[in-house]
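So this first bit is one chain, no partners, the form predicted alone, shown in structure tokens.
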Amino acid sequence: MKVSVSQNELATADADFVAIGLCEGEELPAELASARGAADAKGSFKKLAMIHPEQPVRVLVAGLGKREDLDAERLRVAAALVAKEAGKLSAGSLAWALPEGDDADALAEGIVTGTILGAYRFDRFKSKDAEDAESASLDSLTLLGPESISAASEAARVCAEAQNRARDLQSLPSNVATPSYLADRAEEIAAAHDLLSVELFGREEIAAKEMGGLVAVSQGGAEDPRLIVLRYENGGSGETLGLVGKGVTFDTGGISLKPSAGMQEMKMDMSGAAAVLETVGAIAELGLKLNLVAVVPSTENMPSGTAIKPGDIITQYTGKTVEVNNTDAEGRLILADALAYAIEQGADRVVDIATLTGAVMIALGSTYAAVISNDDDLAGQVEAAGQETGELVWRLPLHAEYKALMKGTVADLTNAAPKRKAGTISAAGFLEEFVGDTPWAHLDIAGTAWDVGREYTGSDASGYGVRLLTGLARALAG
């Protein structure tokens, strides 16, 4: 979407229609107060009203609630509602008058992000009739405000469009978005930016590296696994941030087969990988001054005569052995290899993101993702990025008693604790075994990757993590 900033007045805005926000107890601008329909305009949060002054022809008034509650998140929601209304009206262009507030950059970010995410549609596989082909889609947003918000508006555009690209990857069916498809996407991202490079490893190379987790999970399927490594170098001799994303492009559960109801959603078990790939693209487009290594282990998890079986023992990349007592606890096996590899490749601090446990949905629903970390500073930075972007995280504790749940009987570790206790935390405790002393944070996004229900993400793929991770990178870049 094209995003621009203009100092034009409402009456001279060049767009199909104009949107303004209205807080509770406040009045419309004088030039709109007598317009047809003005009496319907209310400041109640999420309430929309179309009014018709002489110029511009159409103005959509979005209720913002109480003035003291106005922040970027409220504007993300309001802007998404306005964008959806624009879609109903087949509007191609929209102008938004920036509300008054203490932080103009944050408010501008809210409008840009909400508009771009709210206008998103995934209709690649739908047949188009003549009427659909002629309908306009919202492709232009103009912010009516000071020139000083231009940089924040552009950064918001980059991040929101990257999030929509992650939503595309999540939404693709698994017969399209295979591990090889994700690898091809990584090559596209790297080819678009001079500071990015990519390495791709296939089944034989993964086996040669003795990545026992990725080998084990992939051995039941016909699709070859891929280990995807992206590097971005733009920080001189500074520290390197590591990002690791779970890339299970379809998860049947393997021999420990999942119930059939809802299994189609398991095409989104690569949501962490989607977030990492598109975050790397956003970081490169923004030109952030930092160094980055991103590792994406990607595979299907399928049942077959060659699939790993409950009770099998594997050796991970670090040499630690694992009893695989549940083949549906596969994500931690591939992440363990990838985390160790990212650290070996120079990551000074590392964040992994994964749709890892159903337990996190019981604990936190779809409002917060869980963050679990061995480092208070890194956990605080992730939490701060979540607050700024609206991709919220809630820290859960690590404790030796949780880690003890993952001790093996005849191997070093088990991938599935025998007792159903603290499933999200014990899974993170398993991963901690593979990061050593490196500062590390784990994001469990099984509750936030889809079906969030917010106005700007809807009830399907959310692209969660792109703005959070990019926000973290921006903070580290300084």
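All figures in this text were calculated on a predicted structure; none of them were measured in a lab. Heads up: residue numbers just count along the shown sequence, starting at 1.
Below, we refer to the form predicted together with a small molecule, which is not included among the displayed structures.
**Asked** Might Asp352 be said to contact the small molecule in the predicted complex, defining contact as any heavy atom within 4.5 Å?
**Response** Contact with the small molecule, no.
**Asked** With the partner left out of view, is Gly238 within 4.5 angstroms of the small molecule in the predicted complex by any non-hydrogen atom?
**Response** Outside the cut-off, so no.
**Request:** Indicate whether the small molecule has at least one heavy atom within 4.5 Å of a heavy atom of Asn326 in the predicted complex.
**Result:** Asn326: yes, in contact with the small molecule in the predicted complex.
**Asked** Could you tell me if Val61 has a non-hydrogen atom within 4.5 Å of the small molecule in the predicted complex?
**Response** The answer is no: Val61 has no heavy atom within 4.5 Å of the small molecule.
**Request:** Using a 4.5 Å heavy atom cut-off, indicate which stretch of 79-87, 204-212, 343-351, 356-364 touches the small molecule in the predicted complex.
**Result:** Contact-bearing stretch, as computed: 356-364.
**Request:** Tell me, out of Leu141, Met268, Val382, Ala160, which residue has a non-hydrogen atom within 4.5 angstroms of the small molecule in the predicted complex.
**Result:** Spelling it out, the residue with a heavy atom inside the cut-off is Met268.
**Prompt:** With the small molecule left out of view, which of Asp251, Glu278, Glu109, Glu391 would have a heavy atom within 4.5 Å of it in the predicted complex?
**Reply:** Selected residue: Asp251.
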